[in-house]
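Quick setup: one chain, the form predicted on its own, written in C-alpha cells, and binding and motion questions come after.
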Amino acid sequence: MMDDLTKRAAKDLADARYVTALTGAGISVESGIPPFRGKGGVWEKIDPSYADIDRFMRDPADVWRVLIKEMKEVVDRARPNDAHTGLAKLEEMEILKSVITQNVDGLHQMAGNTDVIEFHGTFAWQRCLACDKKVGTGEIDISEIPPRCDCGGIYRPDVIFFGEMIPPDALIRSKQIASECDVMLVMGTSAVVHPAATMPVIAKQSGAKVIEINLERTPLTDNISDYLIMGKGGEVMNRILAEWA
C-alpha cells in the first residue's frame, strides 16, 4: 500500500504544472528542533507569554534569557534533514516552485530552496529595533543579554511574536500560490494553526491535488487530502525521489 502511494505521489509530482509545499514543525523535528506545541514542545517547559511582543518590549533581557537564547542555540546547531534536502531537490528538478512554511528555522533556505514564504518569520535572522539592520543569528554575540547592534539598539529575532500580524505580503502570496498550484505537498503540519491550515483548503477548492505526508492523521486527511502517506518526511521524500532514480 505504501509503495503504491509513493509511486502515485511521484507520478502526480512529475505530471504537475505547478507544485508547492506547505511545511510545519514535524519536518524540523528530524533536525533536532522541538515543536512549539504538543508533546515535547517548547511550551511544555517555557511559559508561552515569553513569546508575546508586549512582554519582549517591556523586558527584552528577560525574554532573551528565557526563550530566545535557547532558541538561538537550537537553530545554530540545526542542519537540514532529508525532508528539506528532498524539497530542494524537487526545486532543482524544476518540479517544486515554492515552499510555504510555518517554521522559523531557516532550514529550507539552507537546504537550497529559493522561494520560501515564512508565515511566522525566522529565528535565523536578528533585526535591530533601532536601525532595522539584520544579522544572521549565528553571528550574534550573546555575552551581553540582550545583545545590541553597533548603533546601540537591541536585537530581536525576525519572527512574528504573539500580538504581531503575519506580514500581509506573505498571506497574499500564499493564497495566490495555493489557488494557482495543481499539486500541494503538505508535510509535517498538524493543520490546526491558521491561516496556514487554510492553504490546502484553498488549493483543493481551486482544483489541486493535496498530498499529505505526516506521521499521523490531521483535520485535512478525510476531507481535503487526496491521500496520506504516513511516515517521517525525510524517509517519504527519499522513497519518492528513488522513483526517479
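Superpose the two forms; the largest set of C-alphas matching within 1.5 Å is the rigid core. Nothing here was measured: the structure is a model prediction, and the numbers come from that model. So that there is no doubt, residue numbering starts at 1 and follows the sequence shown.
FYI, the form predicted in complex with a small molecule isn't displayed, but the following is about it.
Using a 4.5 angstroms limit between non-hydrogen atoms, residue 200 is distant from the small molecule in the predicted complex. In the predicted complex, residue 179 stays away from the small molecule, with no heavy atom inside 4.5 Å. Of the heavy atoms in residue 193, some are within 4.5 Å of the small molecule in the predicted complex. Heavy atoms of residue 220 never reach within 4.5 Å of the small molecule in the predicted complex, leaving it off the interface. In summary, among the residues 174, 98, 102, 126, the only one with a non-hydrogen atom within 4.5 Å of the small molecule in the predicted complex is 102.
After superposing the rigid core, the C-alpha of residue 169 moves by less than 2 Å between this form and the one not shown.
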